[in-house]
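Below, in structure tokens: the form predicted alone, a single chain.
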């Protein structure tokens, strides 16, 4: 059985074909002339035909070798691209990241983080898929996505998670009397129409408990899953809301005001990824960047 062809043999044949000289081919490849001669001799033995003819003092490919040269060029080009891609991956300049997130993140905080991350990584591409927490968990377990941003995560043996507590604030339109308060609590919101998250969410339960503790009725007006939807509704004068400061910050320039809510009720984010699927270096780099972007909003 003949030995498999080696890349260095193909490089030697291509170099001699380009330059017509063993000496110049050796110089291009950075090896000695005898080494080039040996590579070509071995290649000829393995292929079973002569590779070179001498004409007018130059070495030229034989008819059989000329037939192979286009394929050899394609192989060498492919290996060069593979080498460059490998370097780019090692240097975190290339790769693809699949991100699953809560719907609000897809249109608020996440795009700015992705933009900053990609600015100096032209070879990196990203997929962003928003959905509900239950679906994000399914994707993590199924290893369909590299990274997820979710809440209401209670843990799973196939999913690694990092919990981040985000401060909560009370939001209201410009000109609202709550702007005179340094902080806002349940007693300040007595009789105010409240726009809040779904009743089955952990965040609503914590908010409801805060009202119960102060014996203040929570006047429910609109229930919505997303904090961004709550912001839009508050802007339209339909009530006030208690939401993540992270989401409120996206609307500060649009006429939405906020004050810290007391008692502290953190919005519990979870940064998740599959445990059994090894994360690429570029994915780990992005997770680190995203976690760092949350630092200004973290509850101590």
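We call the rigid core whatever largest set of C-alpha positions still superposes within 1.5 Å between the two forms. Since the model is a prediction, treat every value here as computed from it, not as a measurement. Positions refer to the first chain, counted from 1.
Another form, the form predicted together with the DNA, is not on view; read the next lines as being about it.
Remark: of stretches 233 to 241, 270 to 278, 255 to 263, 26 to 34, the one touching the DNA in the predicted complex is 26 to 34 (heavy atom within 4.5 Å). Looking at residue 22, you'd find a heavy atom of it within 4.5 angstroms of the DNA in the predicted complex. In the predicted complex, residue 66 stays away from the DNA, with no heavy atom inside 4.5 Å.
At the 4.5 Å threshold, heavy atoms of residue 39 reach the DNA in the predicted complex.
In the predicted complex, the DNA lies within 4.5 Å of some heavy atom of residue 6. Superposed on the core, the two forms barely differ at residue 265: its CA moves less than 2 Å between this form and the one not shown. For residue 17, the Cα coordinates differ by 2 angstroms or more between this form and the one not shown after the core has been superposed.
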